[in-house]
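Take a look at this one chain, the form predicted alone, written out in structure tokens.
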């Protein structure tokens, strides 16, 4: 089966490509560097020819409110239109747990716009809502840092390892579309400030972390339910300790 992974060279994309390729599927890792660009439409028709499944893992190059909305709306329209022409049977997108609960975030508003396009496209689909990746802890700390102090929300979140996310994406690609949303998360909830502080300590980073209930998370306030998956979510098996021991973080990014 031919499976096209948009954003197939990124953190989740590369891991998903590896999982599906080893099962014998014809997997195309599509990215702008390889001549496939969902925002401009470049290369889409050729890349999708013969594809049965498309996994959209692309992310906006800018997180500014207007730019990120334009990216997800334009890229979404281009990709879904090309999928209709190609006869794609299952569209899969990775989004974020709690996106619908946090409308003050420009990024999450853009993700909800992307999801609306998918639901209205007429193409069978599955939307996977994931919690933040452990690999994003450095990005959370950096976004909240002024001087040598990071002011981080004290709300709960339930981060997941990227390997566990890739396992889910590969499984979904080989399953029937649910025409709805499934949630995935890590094995346990943490206070965000407490896990960020633990991460920095283990990474020998001297920054001080201050937890505050009203500290903004990328422009929006959180409560204890904002970023936590609900009942019935698929839970990853990798603990924070195991992730840190086996995959020391070398990057940061947004969980999507």
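None of the values given here were measured: they were computed from a predicted structure. Numbering follows the first chain given and starts at 1.
There is also a form predicted together with a small molecule; it is not shown, and the following applies to it.
Inset, instruction - Report yes if any heavy atom of residue 118 sits within 4.5 Å of a heavy atom of the small molecule in the model of the complex; otherwise report no. - result: Close contact is absent here: in the model of the complex, residue 118 is far from the small molecule, nothing within 4.5 Å, heavy atoms only.
Legend entry - Heavy atom of residue 6 within 4.5 Å of the small molecule in the model of the complex: Residue 6 belongs to the contact set for the small molecule.
Inset, instruction - Mark residue 36 yes when one of its heavy atoms lies within 4.5 Å of a heavy atom of the small molecule in the model of the complex, and no otherwise. - result: Residue 36: yes, in contact with the small molecule in the model of the complex.
Inset, instruction - State yes or no: in the model of the complex, is some non-hydrogen atom of residue 58 no more than 4.5 angstroms from a non-hydrogen atom of the small molecule? - result: Residue 58: contacts the small molecule in the model of the complex.
Inset, instruction - Please name which of the stretches 118-126, 92-100, 172-180, 147-155 has residues with heavy atoms lying within 4.5 Å of the small molecule in the model of the complex. - result: Selected range: 92-100.
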